[in-house]
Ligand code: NAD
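Read the single chain below, which is given as structure tokens and is the form predicted alone.
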């Protein structure tokens, strides 16, 4: 075995939590070793997740926008789809971004080590074939992996997880998506736009479980016209390989054909923390029954010198939360007075229409019997939404009944993901609804709907019917 290599900070995992943490630590003067199984930084998000999926979603939206253009008097011919070209687009995006990250790591003199790291004690990580690295501090940022229930774990090239779906090996005539969460709906929308007849099966009574129902309703209505079928309160109990495809056993009251056959099946029922086989027990790092590493407000684990961030350290499993936590962990290691005190975490579903929310939701308020004021501004009153022929949207505020402080915001509609940043700023700055109402917004824009939703709290929304007196 080669000599043990000394480093001030070892970062285990080079995804959207790990590489920003490593970069910040290097900028603060630390000697950093960044360890990841992939040859370049970026993690699941950049290589096979957030970035490539948004690239193919862009292609899908171009197709649906072209078809919808008939509503405003413009008709295009039948599109010619080069599936290799669509795949090549996201691959070029990933190649460019990962290459840039590699150069940024080199510029910071970060030691990037390719391989899977594993703790052998509370101060040492062993990387197979590369050696041992003794650290002063360590940040675990190993992310998450797709969760597959045993009943759906069929070893077949026809059964895909989200990574397999992104390969776009073909456009199957019929695709089953198991799971009506954001991954299933985003990838289902892509395949439907490309030409597949898509069936979505969700065990609960609504798409996007956990999201407020009034935000989901416009999306469900539009997807009902894009997807072949949507089954709610339905379970997939069995997958069976046949010469014709995958025979699926469905259990649900609304299902007519209980054993349909699909050319491909996408299993998108969630993700689990990537904490197995890391040697956490040898390092003295505790995890809960679901595999999430336990951390305090400074992202420190039960081992004094080891921190954990991102998906492996708890929900919500979102890239931007991992990045934020990584910065907190580095600042703590540097001796700065930092704690994780974010008032909200934004979430975006990049379907069409997009759904975005942050802060307190109406569902959470009802569950905890918390008193709130809720105001909604339908996009039918938005001039910009009308020019886009996309009036199905909705902007919603959740405010404190005594102070009118903005506690949460939900948006469904075109570009909702871009609009949620203003809502996040309002929550972080403890702004009131009146602050939003008195902030001048450019006209005509969709962002005006935030202002008008706030104005409606006081009965002052210009483009909404006045409240009855």
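Positions refer to the first chain, counted from 1. In this text the structure is predicted, and so the values were computed from the model without any measurement.
Here the subject shifts to the form predicted together with the named molecule, a form of this protein not shown in this document.
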Want to guess which of 67 to 75, 281 to 289, 394 to 402, 204 to 212 is within 4.5 Å of the named molecule in the model of the complex, heavy atoms only? 204 to 212
Do residue 117 and the named molecule share at least one heavy atom pair within 4.5 Å in the model of the complex? no
Report yes if any heavy atom of residue 317 sits within 4.5 Å of a heavy atom of the named molecule in the model of the complex; otherwise report no. yes
Considering only heavy atoms, tell me if residue 344 and the named molecule come within 4.5 Å of each other in the model of the complex. no
Any chance residue 164 has a heavy atom within 4.5 Å of the named molecule in the model of the complex? no
Candidate from 90, 112, 340, 350 lying within 4.5 Å of the named molecule in the model of the complex - any heavy atom: 350
With the named molecule left out of view, choose which of 223, 360, 183, 385 has a non-hydrogen atom within 4.5 angstroms of it in the model of the complex. 183
Using a 4.5 Å cut-off on heavy atoms, which residues of 138 to 155 contact the named molecule in the model of the complex? 152
